[in-house]
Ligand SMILES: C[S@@+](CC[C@H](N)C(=O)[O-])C[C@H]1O[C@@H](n2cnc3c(N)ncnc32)[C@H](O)[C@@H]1O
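Here we start with a single chain on its own, the form predicted on its own, put down as structure tokens.
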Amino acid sequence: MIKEGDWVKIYFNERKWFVVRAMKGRELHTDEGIINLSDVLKAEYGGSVRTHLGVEALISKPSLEDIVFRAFRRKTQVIYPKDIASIIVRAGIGPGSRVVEAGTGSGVLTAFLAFYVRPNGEVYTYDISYGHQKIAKKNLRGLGLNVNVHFIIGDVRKTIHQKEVDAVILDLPDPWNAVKNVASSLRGGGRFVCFLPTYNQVEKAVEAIREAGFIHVESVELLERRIKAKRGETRPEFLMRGHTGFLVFSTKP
């Protein structure tokens, strides 16, 4: 059964679905009608609920991606799943990993890092903005992922307090100014990842990373295109999520 405070996905169709918390006395207003969320508490995942107009919606259990990208409050640009997945895999992040991240932003990448380092790993997330971290804290608290995250108001270009960490991930406009601090923070074999929007930034970052002695330096761009799958009409979609940013990966010897 669905309990009060649980996250639920209210699904009308592929283009129209919502992620909310099931709470007594609250309502979800849609163009298909109003759903009383108290009614959701009487259902089960896989069941359904009707709006006040009689339109049926399915109830399913949302994924972490669903919640983060549909329900998080956002005040900054975010890193998309295609890039997050590559960061997690290429940086070798898993249970027990110790990871430094900057900047926190709205906490989207932070949430995925916290999810994958559980149960005994640690995420140290830096941002120079108190306002950003306040939003991120609230977002992660709603998922119960704030327990192993340390929110730090600070500038990694000036100092990184943690040592012997497994990975450092920077979403900053000038990561080359933090390379020396990153090198002193990482353990041997630790991974360094930069997320950057332009070619000029990639070039400058890669030069600084190589000069600092990092190895396996690689720059990539990931593109994602959906496929319209329908009998007799299967083809790539006309619209796609193209450039979101470049990823620079490297390893401390």
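Quick caveat: nothing in here was measured; it's all calculated off a predicted structure. Position 1 is the first residue in the sequence shown; the rest follow in order.
The form predicted together with the ligand is left out here; the points below concern that form.
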- request: Report yes if any heavy atom of Ser86 sits within 4.5 Å of a heavy atom of the ligand in the model of the complex; otherwise report no.
  value: no
- prompt: Can you check whether Ala102 is within 4.5 Å of the ligand in the model of the complex, heavy atom basis?
  reply: yes
message: Does any part of Ala71 reach within 4.5 Å of the ligand in the model of the complex? Heavy atoms only, please.
response: no
task: Give a yes or no for Ala183: in the model of the complex, does one of its heavy atoms lie within 4.5 Å of a heavy atom belonging to the ligand?
output: no
- request: From the candidate stretches 91-99, 142-150, 115-123, 72-80, select the single one in contact with the ligand in the model of the complex, where contact means a heavy atom within 4.5 Å.
  value: 72-80
message: For a quick check, can you give me the residues of 103-138 that have a heavy atom within 4.5 Å of the ligand in the model of the complex?
response: Gly103, Thr104, Gly105, Ser106, Gly107, Val108, Leu109, Tyr126, Asp127, Ile128, Ser129, His132
